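Shown here is one chain on its own, the form predicted on its own, set out as structure tokens.
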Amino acid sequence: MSTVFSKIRDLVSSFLRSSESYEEAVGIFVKELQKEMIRADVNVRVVSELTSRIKERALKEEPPPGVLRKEWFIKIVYDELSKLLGGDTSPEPFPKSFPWIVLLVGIQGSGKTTTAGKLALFYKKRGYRVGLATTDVYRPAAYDQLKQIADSIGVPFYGERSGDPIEIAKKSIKTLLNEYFCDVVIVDTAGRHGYGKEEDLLKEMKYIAESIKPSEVVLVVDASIGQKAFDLAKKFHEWTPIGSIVITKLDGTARGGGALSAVTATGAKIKFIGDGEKLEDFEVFNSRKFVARILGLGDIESLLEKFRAIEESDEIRRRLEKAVAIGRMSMRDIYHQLKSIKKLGPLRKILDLVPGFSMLKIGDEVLRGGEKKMDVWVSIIDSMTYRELDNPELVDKSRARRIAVGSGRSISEVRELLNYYELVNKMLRDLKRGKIRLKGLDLSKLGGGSGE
């Protein structure tokens, strides 16, 4: 874990233990976060924008009921760091069409050649026919290194020790597609020229991209690259638009700020991370899991569970409000309610969250019975067909027997669920028609069912 991430974790712990007022604690946290990120070589503009958003939200937003302001602040930090690294958008690691041609770019020492091998192994393990190619004629060991990797994982390889990199790129694509029938080709490029001009490297990269028309250009960034990552990534992106990013060497002592800077400079998302020297040390990037790890799961996991519970209860409210508005709840809605309620705890506590339901006269015995029945009812619904979910009235004696066998439950339990479904929908229809009011409604018969 890089130093900046360890420091952020320490700041979170200090914030939660602090005795200052909320506003003072926020101010201290933001200042220390700025110092640590700048010290870790994160671009100053990135730091300024990130911390401004955190502070603005922290001082303006009100936490949901039952959540302390300090807890809500940690959620804000979690959200903003996650957003910076991709948010809720999961990277799509697999080819969208065939052939899928990946062009790897980056400076020398970023780990491009090793990443080419890791990516090839990742795709090969998932059943793709992968080919590796190098266009680097400047680094003497480039050809041998990638060929050795290709041989070790059993994939076709193409390269030439000398010549025009653009022509080599075109030949590699033609050979690997037509002679080896590859559906994924990964092309490694030079990190820098032997004669050293950066602009020549960028021009060459641009011409290679124009000649082979890659499906995706992937920027490989060393986690330790530092402040220059922002300008470097921006420059690469201007010459050849970057589709995604791979962060390498996250297992070392690198401070890691360059990774954040590269994401901001290109607007591209991190797709993979390399966290070890072995070719297997490679995984699809998940921003929220990564940030949770940064903040320290021991410190934040219980908070995240609380926020997830609030989100689940909000979803219960929304679905219930919709059902009341239209006077009907589908079996799919009931399934969602049951699954959500199981995560959130005691049924009595959850019903108290739902507007109006706190006034229902539901006895504790019925509630306890309902909680015991949730697993039974979920398994029964899992055994119903889509048509039966949309039209439960189709479930006759024969269908009920099939559902009971499929779920490992009794026919009487299937009937009990159907009776519950009918009772709920009768209540919703009566509510819509104004025939009943929530207050005083007796649902003591909610679990009643006929055996068979």
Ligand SMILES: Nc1nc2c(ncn2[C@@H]2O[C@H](COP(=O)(O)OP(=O)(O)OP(=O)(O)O)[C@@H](O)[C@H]2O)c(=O)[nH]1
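Each residue number is its position in the shown sequence, starting from 1. Here the structure is a predicted model, which is why all the values come from computation and not from measurement.
Although it is not shown, the form predicted together with the ligand is what the next lines describe.
Shown alone, this chain has one stretch from 173-181, 113-121, 328-336, 91-99 that lies within 4.5 Å of the ligand in the predicted complex by heavy atoms: 113-121.
The shortest heavy atom separation between T264 and the ligand in the predicted complex exceeds 4.5 Å. By the criterion of a heavy atom within 4.5 Å, S244 is excluded from the residues contacting the ligand in the predicted complex. Interface membership of Q145, defined by any non-hydrogen atom within 4.5 Å of the ligand in the predicted complex, is confirmed.
Although the partner is absent here, Q108 lies within 4.5 Å of the ligand in the predicted complex, judged by heavy atoms. Comment: the ligand is not present in this chain, but in the predicted complex one of K75, R139, H237, K269 has a heavy atom within 4.5 Å of it, namely R139. The single contact residue among G191, P156, P165, G86, judged by any heavy atom lying within 4.5 Å of the ligand in the predicted complex, is G191. Shown without its partner, the chain has no residue in segment 160-176 with a non-hydrogen atom within 4.5 angstroms of the ligand in the predicted complex.
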